[in-house]
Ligand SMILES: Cc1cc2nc3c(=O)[nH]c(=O)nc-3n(C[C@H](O)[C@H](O)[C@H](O)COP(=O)(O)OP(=O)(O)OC[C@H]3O[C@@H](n4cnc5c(N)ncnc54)[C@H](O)[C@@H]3O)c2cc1C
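Listed next as structure tokens is one chain, alone, in the form predicted alone.
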């Protein structure tokens, strides 16, 4: 595994923005991840994990220390036992690949995973999910356990060890997730293929899946919906330079080409202010900010 300097991170971001990583590596397995973490300790550098890049806003000033990309950690296996399907995934396995396994076995998680971007480790970190109309609808429902690594070694967390909440998991210390074990009952879902086609069609119609976005920008302030509030504020389709609130779904912000991370942040801030001024609702970002940011208001 090579550790390189000054790696451009734009191509690792779905928003296609961001500066350079001071140092960068792509471990393929647990041992290479261990080597990367040892390097940061030896060289007294911070480390930042970068997964599939779907739900992050990388600073134009880049990220100091070592950026550990998990995109090459893509091995997985599965087996049936005790009337359940178990899938062992490395951190970088895409949700779309997991969806195919569940679909092959005609199991319900394939439905909620269809069209859901990102990798399994990111799914654990943010308890990724969709609307309540599906079962399961959040990652916490399909996770059995996961393994993390830090300077002290590996730790295994069971599902019950973690506090799961809306778009968040907590109760585990800062470390790198390198393996996730998923589990679901082998009870088959009726008419699964038709339901998946309907769900994908619905998402293609309502979300800008072919454009440069990060997915949903804001968490829904239940019982309200962020997209609806933004639309009511008159911002659906609003454009500011090379950045635009999606005309398809107001909770998506699009890079039309040539935008910077700061441009996106400015539009995020404008949306938050407008919605608060009109409805007194503070929209919390679902997207994670990475790297150096002077001030975020």
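Owing to the predicted nature of the structure, the values given are computational and were not obtained by experimental measurement. Positions refer to the first chain, counted from 1.
Below, we turn to the form predicted together with the named molecule, even though it does not appear here.
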query	finding
The single option of 105, 167, 195, 183 touching the named molecule in the predicted bound form, heavy atom within 4.5 Å	167
Candidate from 111, 89, 177, 143 lying within 4.5 Å of the named molecule in the predicted bound form - any heavy atom	177
The named molecule contact in the predicted bound form: residue 70, any heavy atom under 4.5 Å	yes
The named molecule contact at residue 220 in the predicted bound form, heavy atom, 4.5 Å	no
is_contact(residue 49, the named molecule) in the predicted bound form, heavy atom dist at most 4.5 Å	yes
4.5 angstroms heavy atom contact with the named molecule in the predicted bound form for residue 76	no
Candidate stretches 151-159, 76-84, 185-193, 90-98, one within 4.5 Å of the named molecule in the predicted bound form by heavy atom	90-98
Contacts with the named molecule in the predicted bound form, stretch 252-287 (heavy atom within 4.5 Å)	252, 286
